[in-house]
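What follows is a single chain, given as structure tokens, in the form predicted alone.
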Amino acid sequence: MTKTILRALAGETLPTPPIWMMRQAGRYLPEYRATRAEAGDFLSLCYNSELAAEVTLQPIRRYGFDAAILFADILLLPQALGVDLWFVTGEGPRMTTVTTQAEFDALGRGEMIHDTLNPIYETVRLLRRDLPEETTLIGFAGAPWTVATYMIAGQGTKDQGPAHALKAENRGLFEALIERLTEATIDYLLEQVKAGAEVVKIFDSWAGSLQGEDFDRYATEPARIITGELKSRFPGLPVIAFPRQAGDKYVGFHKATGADCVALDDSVSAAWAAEHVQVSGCVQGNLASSHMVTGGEALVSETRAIVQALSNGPHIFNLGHGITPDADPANVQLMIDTVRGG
């Protein structure tokens, strides 16, 4: 029988939605923390294929999710393009910036990214070998806009202000960076699929800070190009797009990009999504990740409400954003039991 997530992505309405969880391999799990300590640091873990495969498998062993998502980071791609990347404990990623023509000209392109990213493809191969037959393997990349915001600022920012400033002050350079990232993302995801990824997801975590025509040009259009190129090479490859906090721009995103599934954050209600987004195809989401911390009856009731609201169309149950390090693993089990047991 075809895997449940692939059935949902193909447009089938299932009696029980398949389930996985963004950042399901992560710091809330003691087994993850032990493996990361063995690796030494976060980037070493990402580039150690055996250990990266191990942490990807840990939540599958513990919870039996219907999908595993490759353990990596969206900023490995700019590192492969030549940007210096490091992580500051307690503060997150830091990068050398790309804000001038000279810095842009120093970036690589095309085949050169694979020299750095080959360990990631090996992780995919190991996972296809070791995952249970019923578990779907998801590959992923960051969307060009979101990755560009880090490259321009040199770190994460609350309002993506540096990227918006460059867009306003030097539109040509900004668009050249988006184009370069779009091309590299296609190359990166193609190699993940060749290595064994069955589905790919495009994470546009900061899409919501783009407004109006900028959203169409820098969130929708790159997703359309990436999806089209992937499907031209691998017809039938399912693509999940996640333009987080897109609001009304979620409407029509399936058609505008060619994505098979649109993932939803928790700023929109499941009932609204059923009426306006699910009518166009599979949706994924969208329980607030805070429930993984607080648990209790609120978690159960909201989980049931989402499942019910989206029960008349194709749906993959997930969180509205990644699980946080302070989550209780027991609450994850409660969520799964609620989805599967009613």
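The shown structure was predicted, so the numbers you read here are calculated from the model rather than taken from an experiment. Throughout, we count residues from 1 along the sequence that is shown.
The following text describes the form predicted together with a small molecule, which does not appear among the structures shown.
Among residues of the shown chain, Tyr63 is not one whose heavy atoms approach the small molecule to within 4.5 Å in the model of the complex. Interface residue remark: Phe71 is counted as part of the site for the small molecule in the model of the complex, having a heavy atom within 4.5 Å.
By the criterion of a heavy atom within 4.5 Å, Gly108 is excluded from the residues contacting the small molecule in the model of the complex. A residue is said to contact a partner when one of its heavy atoms sits within 4.5 Å of a partner heavy atom; Met22 meets this definition for the small molecule in the model of the complex.
Segments offered: 190 to 198, 203 to 211, 175 to 183, 232 to 240. Contacting the small molecule in the model of the complex at heavy atom distances within 4.5 Å is 203 to 211. With respect to the small molecule in the model of the complex, the three residues Phe215, His254 and Gly258 uniformly fall beyond 4.5 angstroms at the level of their nearest heavy atom.
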